[in-house]
Structure formats: C-alpha cells, structure tokens
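Presented below, as structure tokens, is a lone chain in the form predicted on its own.
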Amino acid sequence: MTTILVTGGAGFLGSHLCERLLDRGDEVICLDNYFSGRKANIAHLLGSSNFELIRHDIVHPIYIEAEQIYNLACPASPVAYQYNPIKTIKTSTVGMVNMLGLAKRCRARLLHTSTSEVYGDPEVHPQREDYWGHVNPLGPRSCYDEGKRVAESLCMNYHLAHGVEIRIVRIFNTYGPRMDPNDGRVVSNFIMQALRGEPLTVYGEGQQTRSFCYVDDLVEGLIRMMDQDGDIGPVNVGNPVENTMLELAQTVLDVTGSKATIEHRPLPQDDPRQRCPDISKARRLLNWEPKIDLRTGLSRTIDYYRKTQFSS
C-alpha cells in the first residue's frame, strides 16, 4: 500500500484518479478547495477506510505525509480559470512551490499535470515535447498557459537544486463522466446543447481541430508515468486522432439522436487553430496509447449526463 496525495482530487480528472488508486489498494488523501471540484464527484469514495478527504487550498502550505503526490490542483476550463485569473496564476505558482516543498520534505515523488496549453497556438504540428510553444503572455488565456509553464520550470528547478523526484505530463483535451456540464469546454457544451435541443455553438468556420482522450485512458497514462523510473518528462498524454469542431458537433448529434442545429459564432481571442499531440514518447516510455474511440467515449459521457442532468 502506497500513501498518495491527490491535489484537486474532487475535480473531474482527480476523482477518477482517486478511484483508480483506491481500486488497486493504495491509501489516498484527496485534497481540494472546491473552486472547480465538487464533493459529489468523490462522495462514493467516502466510505473507504483507505480514503481521506481534506478541504484545503494549495496556495497555503500543508504538512502531511505522502509517498507520491499527484498535483492536479488548478481550474482547467476557460470559464473557470478566467473567472479569477489571479487565483489561477497563484495556484500554478505559489501552490506549486508549496507542493514541491512538501515533496522535498517527505522525499515523495511528485507528478505535475501540465497542459497542452503550454504550446499555445502552435506553429508546429503535431506538438512534440521539445517544442517550446507560441503563447501570448498578455492574452485572456495567459493566466492558465503561463502559470502552467512556470509550474514546469519550478518542477525542473526543484529537481536540479534539491533532487526532488518529479514527473511532468502534458494533458491534451480529456472528457468523460463527471465533467461539469457548465464548465464551458466543447464536449460538455455540445452534449448539453444537444440534449436540450439547443443549437450547438461552433466558433468560426469550425475547422479548428482538437484531439479528445477519454478519461479512463488519461488516468492510465498518469499512473504509468508516475510509476516508471526512466524519465522525468515532459510527456504528452492525449489522443493523436484529430477532429474538427464541425466533426465533433456532428458526432454528438448522431450519438444523442438530437435534431438540434449548428450555430456559428466569432472565434474567441487566442483560440488555437490546431491541437494534437505527438505521443511517440508515451508509446515508447509508457507503452501507452488511448484505447477508447471517440464515439464510444461520447456515448458513455452522454449516458452520464442523461442520468445526472435529465433524470427527473
């Protein structure tokens, strides 16, 4: 049994990670301040003797014991991280320092969940880990993009200066059950609009691309990265299959059976034109790649929303 701290453990990704770690027999400490996480996401875990829940904000130090730390604490959707941009930056900087300090004291291995947003609006496609990115440091997304870039730098410097064991994963678009239906991300937006019979809002011409990884695949990648001893990262974890926004909208309409229409709106500032990971390193280092195709993953996610949002 390993004692594992998961910051942001009541969030969408964090709750699935806590669940998987408990299933394999670990002792899990879930830490969350509920800024974007929800207690409902981990309510089914509260009866486990190996699960502990702490309400705490990593911007403030905490003194606990753990052998591994998964740092997932930071709002990830544009709606959430732009709601309080200063708070977002502090979580990725001050909070990161606090978690690295904890790892140093406990001699714990820390896995930091970075993001594909460190690549910005990329000029290299698909994105490899050795690409430095094309990020607007003053734009509306910069609180998240630049915060995550600083967090990676902090990880590397704690590793070089103090020997802290770190792992860095760059997560690409992930979806699945427990995504907040109002978080503003494209999959949840499209599904909720389709189920309500509202027009699906596509920005610009809808030719911008994203790659969508189902949450179970993503969690498997995180665990494999934490548990391997060969590389500190960064490693891209995501789905290398690209879809345009129009393709995604049509697939959601097909799977839901909705008769809703598609409505075009102006592109938001700094919205990336292309986003797709090169996962060659993950395949080689972790023997990992996504297993669940988009239609299957969307079907599971849609079933979740039907049960939780439209059950009455």
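Residue numbers here begin at 1 and follow the sequence given. What you see is a predicted model, and the numbers here were worked out from it, not measured in a lab.
The same protein has a further form, the form predicted in complex with uridine-5'-diphosphate (UDP), not shown here; the description that follows concerns it.
Peer 1: Looking at heavy atoms inside 4.5 Å, which stretch does uridine-5'-diphosphate (UDP) contact in the model of the complex, given the options 205 to 213, 121 to 129, 102 to 110, 152 to 160?
Peer 2: Of the options, only 205 to 213 has residues within 4.5 Å of the partner.
Peer 1: Quick check on this chain: which one of 78, 133, 140, 181 has a heavy atom within 4.5 Å of uridine-5'-diphosphate (UDP) in the model of the complex?
Peer 2: Answer to the contact question: 78.
Peer 1: Quick one: does residue 98 come within 4.5 Å of uridine-5'-diphosphate (UDP) in the model of the complex, counting heavy atoms only?
Peer 2: No.
Peer 1: Could you tell me if residue 225 has a non-hydrogen atom within 4.5 Å of uridine-5'-diphosphate (UDP) in the model of the complex?
Peer 2: Because no heavy atom of residue 225 falls inside 4.5 Å of uridine-5'-diphosphate (UDP) in the model of the complex, the answer is no.
Peer 1: Report yes if any heavy atom of residue 186 sits within 4.5 Å of a heavy atom of uridine-5'-diphosphate (UDP) in the model of the complex; otherwise report no.
Peer 2: The answer is yes: residue 186 has a heavy atom within 4.5 Å of uridine-5'-diphosphate (UDP).
Peer 1: Looking in the model of the complex, any heavy atom of residue 281 within 4.5 Å of uridine-5'-diphosphate (UDP)?
Peer 2: So residue 281 does not count as contacting uridine-5'-diphosphate (UDP).
Peer 1: Taking uridine-5'-diphosphate (UDP) in the model of the complex, which residues along 106 to 125 bring a heavy atom to within 4.5 Å of it?
Peer 2: Only a single residue, 117, comes within 4.5 Å of the partner.
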